[in-house]
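So this first bit is one chain, no partners, the form predicted on its own, shown in structure tokens.
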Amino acid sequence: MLKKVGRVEEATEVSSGIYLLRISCPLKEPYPGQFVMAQPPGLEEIPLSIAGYSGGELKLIVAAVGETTRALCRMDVGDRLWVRGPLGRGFSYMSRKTAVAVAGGVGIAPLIYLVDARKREGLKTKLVAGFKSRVGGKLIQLLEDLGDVVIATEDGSIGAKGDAVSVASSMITRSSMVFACGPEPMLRKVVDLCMSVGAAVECSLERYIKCGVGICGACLIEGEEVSMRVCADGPVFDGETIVKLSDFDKLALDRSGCKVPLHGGCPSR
């Protein structure tokens, strides 16, 4: 897939170190859960979940944690960057089951798009957005504009006290369709909860992605009988697939292709 030139229309800090980017870039209409590869001038190309797309304008939620993401967040209106996508496999967002979306931290990005897409189709979704502590008012407003949203913080500084999964647990039943994105320990809890009650679940995974189209194998996640490329077979996987992946929440490939412990083993970008 060829790269396209995007033009920055907005780069606003919505919470400490978290930015909303609006980029003019005509793309094929993405599905919620898909991602783009973004590349500021002179730096590497990185994957970013799509937080919205309408009328040729792409929305991204970016945490400034590494050289490339910090460069993206420092961009001014009118600056250009390369964009490639949409890529990957998205959520089954048109499911008419009672839907609960569970987000951890910047895992809110693809779920913002999912909730908005379902809203446009007249489908309701309860969104539980979990954070460690208080986040910025602009981010809270962005989430509350979606409608049926519960904010959760682990320290109870705002919203419900607890992590996203514990707060969402009372909302999830056998008839639920659950969508989730966030750190893998959180996703492990979501999958275990859904499996225990018989709910359908789809999770968006984040791994080191290099090519974005399933050629290089840098994002491979394996189990005894199955292996998946997060960029091409995912990043969205259903619960039945995830439980077969023994690497999930344990091991990941680093930039050199070596398996390392997932927690603390993958470099920030």
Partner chain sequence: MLKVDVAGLELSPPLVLASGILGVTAKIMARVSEHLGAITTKSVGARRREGYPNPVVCPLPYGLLNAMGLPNPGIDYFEEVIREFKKLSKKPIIVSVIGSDSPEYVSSRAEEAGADAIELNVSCPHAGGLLELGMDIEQVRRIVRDLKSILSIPLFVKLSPNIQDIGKLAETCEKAGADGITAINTVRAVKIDLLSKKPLFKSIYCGLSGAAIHPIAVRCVYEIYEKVSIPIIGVGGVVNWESAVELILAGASAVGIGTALTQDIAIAKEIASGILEYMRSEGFKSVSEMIGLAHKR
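Numbering follows the first chain given and starts at 1. Remember, it's a predicted structure, so these values are computed and weren't measured experimentally.
Below, we turn to the form predicted in complex with its partner chain, even though it does not appear here.
Though only this chain appears here, would G56 touch its partner chain in the predicted complex if you measure heavy atom gaps against 4.5 Å? No, G56 is distant from the partner.
Should V243 be classed as touching its partner chain in the predicted complex when contacts are defined as heavy atoms within 4.5 Å? Judged by the heavy-atom cut-off of 4.5 Å, V243 is well away from its partner chain in the predicted complex.
Proximity of G214 to its partner chain in the predicted complex, heavy atoms at 4.5 Å: Yes - in the predicted complex, heavy atoms of G214 and its partner chain come within 4.5 Å of each other.
Evaluate G66 for contact with its partner chain in the predicted complex, applying a 4.5 angstroms cut-off between non-hydrogen atoms, and reply yes or no. Close contact is absent here: in the predicted complex, G66 is far from its partner chain, nothing within 4.5 Å, heavy atoms only.
The unique member of I61, V236, M37, V201 whose heavy atoms fall within 4.5 Å of its partner chain in the predicted complex: So the residue touching its partner chain in the predicted complex, by this definition, is M37.
Can you confirm whether L43, E224 and R229, the three residues that make up this candidate site, all sit within 4.5 Å of its partner chain in the predicted complex, judged by heavy atoms? Affirmative, all three are within 4.5 Å.
Within 4.5 angstroms, counting heavy atoms, which one of the listed stretches 189-197, 78-86, 160-168, 105-113 is next to its partner chain in the predicted complex? Result for this chain: 78-86.
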